[in-house]
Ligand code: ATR
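Here's a solo chain for you in structure tokens, the form predicted on its own.
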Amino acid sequence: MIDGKTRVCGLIGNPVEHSCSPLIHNAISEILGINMVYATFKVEKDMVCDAVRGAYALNILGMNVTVPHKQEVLKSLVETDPLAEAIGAVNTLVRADGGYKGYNTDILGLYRSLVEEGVRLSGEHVILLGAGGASRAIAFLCADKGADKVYLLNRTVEKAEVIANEVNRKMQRNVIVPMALADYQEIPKGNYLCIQTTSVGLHPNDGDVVIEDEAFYENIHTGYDIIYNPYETRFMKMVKKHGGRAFNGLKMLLYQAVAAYELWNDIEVEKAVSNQVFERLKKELEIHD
């Protein structure tokens, strides 16, 4: 029940109507009995600073930020978490003195979902497919968590080189190796974690995959696709066909929200609660295992 003591959080972006965030956050509040409500706020690109200032003036507890504002919002913050600053993108604002502090819980969500599946990035050999914003953030995460080597593949190698140069410089070690996607066969034979960060294979193009070559998948022990629609992408199917484990991005979506909720409320959301919310999320998206 909303009353005079209800705290408000929300999502700013454009568009926001499709977001699953209200379902996740409001479900957590319901289960835990926390008097907080979460809503969406469509914000035009030239109004981001005004929106953040207005949210603070209205005593809004915290905000999530989605496309296309994850970079622009950095200008409006009083403080930024070091990893989020290195990545250059923020998706969670936490109320602080005089404004908001920015975090990147997208990356916290990915890391938590990997750890849950028994993947430890420390010492890991990684293949990253794609060189967009998600790949950039994941490259920083891998380097920050101690991955031994990350092969970053993209159709245009120049984009991969930009990310590699920035990550290697900030982390002060040559961990990211940029490569043209067409040169994937030059990756040494081994046992890799492969993270698929492109939109290739996203519904309705369920049959598409970045690399068709069956031999590529023989070197993957775990495949992680940030796509979750379809629930099992062709990339995942090919990893499994060659004996690897494969996971989609739905738990990344869940855990980025959980991490934000924990920051706003200074609590730890137990696994049992996350599991309940995950089942509601799958039902809402009409997903069947």
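Throughout, we count residues from 1 along the sequence that is shown. Please read these numbers as outputs of a predicted model, since none were measured by experiment.
Below, we refer to the form predicted together with the named molecule, which is not included among the displayed structures.
- For Asn91, no non-hydrogen atom is located within 4.5 Å of the named molecule in the predicted complex, even though that partner is not displayed.
- The closest non-hydrogen atom of Val200 lies within 4.5 Å of the named molecule in the predicted complex.
- Contact check for Gly130: a non-hydrogen atom falls within 4.5 Å of the named molecule in the predicted complex.
- Although the partner is absent here, Thr156 is a contact residue: one of its heavy atoms lies within 4.5 angstroms of the named molecule in the predicted complex.
- Comment: the named molecule is not present in this chain, but in the predicted complex one of Ala134, Ala86, Leu193, Val175 has a heavy atom within 4.5 Å of it, namely Ala134.
- Think of it this way: in the predicted complex, the named molecule has a heavy atom of just one of Leu108, Val73, Val210, Leu121 within 4.5 Å, and the residue is Val210.
- Figure note: of the listed segments 215-223, 148-156, 165-173, 112-120, the one touching the named molecule in the predicted complex, with heavy atoms no more than 4.5 Å away, is 148-156.
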